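Presented below, as structure tokens, is a lone chain in the form predicted on its own.
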């Protein structure tokens, strides 16, 4: 590992650098901007497995002919009064969501709830970044996304599910939105990739090798092995739920249907993502203020001894990055330079 001090880069400058790289390798200017801001935001928040680490994958995927369309223009379909479907047209999920965001907000305000199902899309980002902006608007947001097969069903030996994360965001009275983002696998696939790169062992109970035997070897998990769901059958059931909500409901691929074999270099999952947006003020009348009730619950959690809420580290990392710049290692600076020169 390079021991040189990291370079501190302001968010806007880092996002601009990333956008230039993405545009150079096949994204339209608008798609490049949205992806770059998403990637820089993950790095800003300390979500390193979804930040700059992913740039090689974006570039490799964009250079793999026929897998992802960096110029795709999403099509927003008004399916029902409280239901949007969005066809990403083989492009990335971030611009697909951006295309339907205003209409989704309007539906949630008008109906008290809205569902958004995105299909035919590619995603590599941190799911927390997708739901937090809706909570900033006063909505409760839940999102699920499926990915390439990487997780065995409970008691199984072959991968069927993706890591299939679930994200949740809610307004609160005493601070920024409460947000969490968790894979339904015991570990996120990005964290396994980082462990493999750094030659670190995985914690027990997170993976199996290609023969279905338990292993702590990250490389064995990636080389034909698979991850396990968290919490045994409980996490596996949630992962199954995510597949239904993303693929069966949205019209996209199940994780086991994603096939990269004919697209060397491609790494992005070509699946789907679903959002459930709830307006807590709809028909609230004389009920107690929603955000105040959430804050009361969080105070009780703190009083019970939990010293850190979900998202606290992310907000702390964000504050540091905004004040001082986003720390980028010398090794990553070299990588970005190489990607820009390709």
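Numbering follows the first chain given and starts at 1. This structure is a prediction, so every number in the text was calculated from the model and none was measured.
If you look for the form predicted in complex with pyrrole-2-carboxylate (PYC), you will not find it shown, but the lines that follow are about it.
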Exercise. Which one, 121-129, 214-222, 78-86, 242-250, holds residues whose non-hydrogen atoms are within 4.5 Å of pyrrole-2-carboxylate (PYC) in the predicted bound form?
Worked result: 121-129
Exercise. Taking the shortest heavy atom distance, is residue 160 within 4.5 Å of pyrrole-2-carboxylate (PYC) in the predicted bound form?
Worked result: no
For this session: Considering only heavy atoms, tell me if residue 74 and pyrrole-2-carboxylate (PYC) come within 4.5 Å of each other in the predicted bound form.
Result: no
Exercise. How about residue 189: is it within 4.5 Å of pyrrole-2-carboxylate (PYC) in the predicted bound form, going by heavy atoms?
Worked result: yes
Problem set entry | residue 269: touches pyrrole-2-carboxylate (PYC) in the predicted bound form, heavy atom cutoff 4.5 angstroms | yes
For this session: Give, in sequence order, every residue of 42-61 that has a heavy atom within 4.5 Å of pyrrole-2-carboxylate (PYC) in the predicted bound form, or say none if there are no such residues.
Result: 50, 54
